[in-house]
Each structure stands twice: as structure tokens, then as C-alpha cells.
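The chain that follows stands alone, in the form predicted alone, written as C-alpha cells.
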């Protein structure tokens, strides 16, 4: 059985690493905020390490689930980074949502040391991480991807290699484009329902059985109706992701009119102090 390292024990990474621990792998973990490592080790079995380099020593694979481009660069390339400790033939799997440019840069830097880098952003949120039902889209070397599947499958219901390096991140961008439009559409539909004097709960019961049904509708309408947003995928993180999307669109010539508009709506929510609210808070914006 392979030796595994996992870096990033936040809302997503903690349960993901937990699934690896529960499967009996020899596991080392690292988090820059040590308190999170300690909380994780209270619940799961694994060696808590002091740096990414220390974690990577003796590992066959290192998995990351951190915040943004800068975090990934620092953890992989920085002083006491993963590349200082991981041996040639090792694999890095990055579950962070980043730019496709960064993914390709990480792949080049890793390959110079004989290490494979897989960009593998996830979809499914905190619930998916806890239940082990994430959807994962990956880019990178095919053989390295296949080797990593034995671990990835512990916390995912579906994982597919989309192509070469950066393809996973590009696919995640498509995912976020679709979600932005869906959430705004749901918010507007519910807003219209209220203004029309309908019972929105009954409206959702009906339309969720037809072509309008979506994951967002099934999982968010109740909290939206009760004006509760202290949960889920934060507006701050969605704006980070949409920033990557709109930057990529400028490069490839995509016309993303709705996505760009919804991004401005999320900016309004941030300005009102809602950066940590769930993305479904678009409904609160319309109500107010």
C-alpha cells in the first residue's frame, strides 16, 4: 500500500484526508495552521508534519487542497516545499481550484524533478467531501492519473481525466460558469414567485419535477427561502473562481456575458459584508 501525504485540512481537505486515513493508508498530513492538524488528528490516524517537505519525504503521492494560486506555488515550489522532499517518480495531485496557467507551470516545474503533477479540482462541496461523493475533473499525465485513482476514489463518486495539464482546471471553469447562471436563474425565479403572490414552496415542489430541476434547486431553495446563508460555498471563493474564468475567456475569446454580470452581483454582495455567505445569497440581493 502506497505512502500518502495530504496538505490542507480545511472544510474540504479534512474529510478527504479522513477517508484516506479510514482506508488504512500510511498517511502524513500538514496544515499551515497547526491547530487544524491537531483537530484532524483527534479524529483520524496520521502523522502530523511540520512542513510540506517533511511530509513529502518517503511519500509516493502528495495531495493538496488549499486556497488559491499563491498557496499552491508556496507549498509546492517554496522553501521547504513539496518538491524538496518528494522523490522522482512521485505524484502530486492538486485539488485546489486554480488557474490553468498555474497548473501547467506546476506540471513543468514538477516534471523537471521527475515528478508528475495532476490538476484535479473538485465539485460537490463540503457535503460531497464528507460523504465521499465528490466529482473530480483532472488534467495531466495519463499513467500518473491512473495511479492516483486508488486514492481519489476513496472520496469521489466520479473522476475523469479531461486531457493534458490544465484540462482539469478548464473543466472546473465550465462547472462554475454553469453554476453561476443556475443560481441566478433560481434566485430570479423565486423572487418572481414571491412578487406574484405564489406559495414559493409549492412552486418549487412542482417545477423541481420538470425541466427546471437542478442540484442548486434541490439543495438550496429551502435555505434561500428562510434567508439563511451561513453555510456552503462562499461568495469570496466563487469570485476567485470566476476571476479565473473571465481571465481565461479573455485569452480564448469566449463570450461570457451572463457570467460576467453575475460576477458583478457577487461583488455587490461582498461589498455588503456577505463574502462568506453561500453563493445562493444572490436571492437576498434581489429581495433587498
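All values derive from a computational prediction rather than experimental measurement. Positions refer to the first chain, counted from 1.
Keep in mind that the form predicted in complex with a further copy of the same chain is missing from the display, and what follows is about it.
- Although the partner is absent here, residue 254 lies within 4.5 Å of a further copy of the same chain in the model of the complex, judged by heavy atoms.
- At least one heavy atom of residue 173 is located within 4.5 Å of a further copy of the same chain in the model of the complex.
- Using a 4.5 Å cutoff between non-hydrogen atoms, residue 109 does not count as a contact of a further copy of the same chain in the model of the complex.
- Although the partner is absent from this view, residue 179 contacts a further copy of the same chain in the model of the complex, with a non-hydrogen atom inside 4.5 angstroms.
- The contact residue chosen from 102, 91, 162, 152 relative to a further copy of the same chain in the model of the complex is 162, the criterion being a non-hydrogen atom within 4.5 angstroms.
- Checking 96, 216, 116, 156 for any heavy atom within 4.5 Å of a further copy of the same chain in the model of the complex turns up a single hit: 216.
- The candidate stretches are 224-232, 47-55, 254-262, 66-74, and the one lying within 4.5 Å of a further copy of the same chain in the model of the complex by heavy atoms is 254-262.
- Along 194-222, these residues reach a heavy atom to within 4.5 Å of a further copy of the same chain in the model of the complex: 195, 196, 198, 202, 203, 205, 206, 207, 209, 210, 211, 212, 213, 214, 215, 216, 217.
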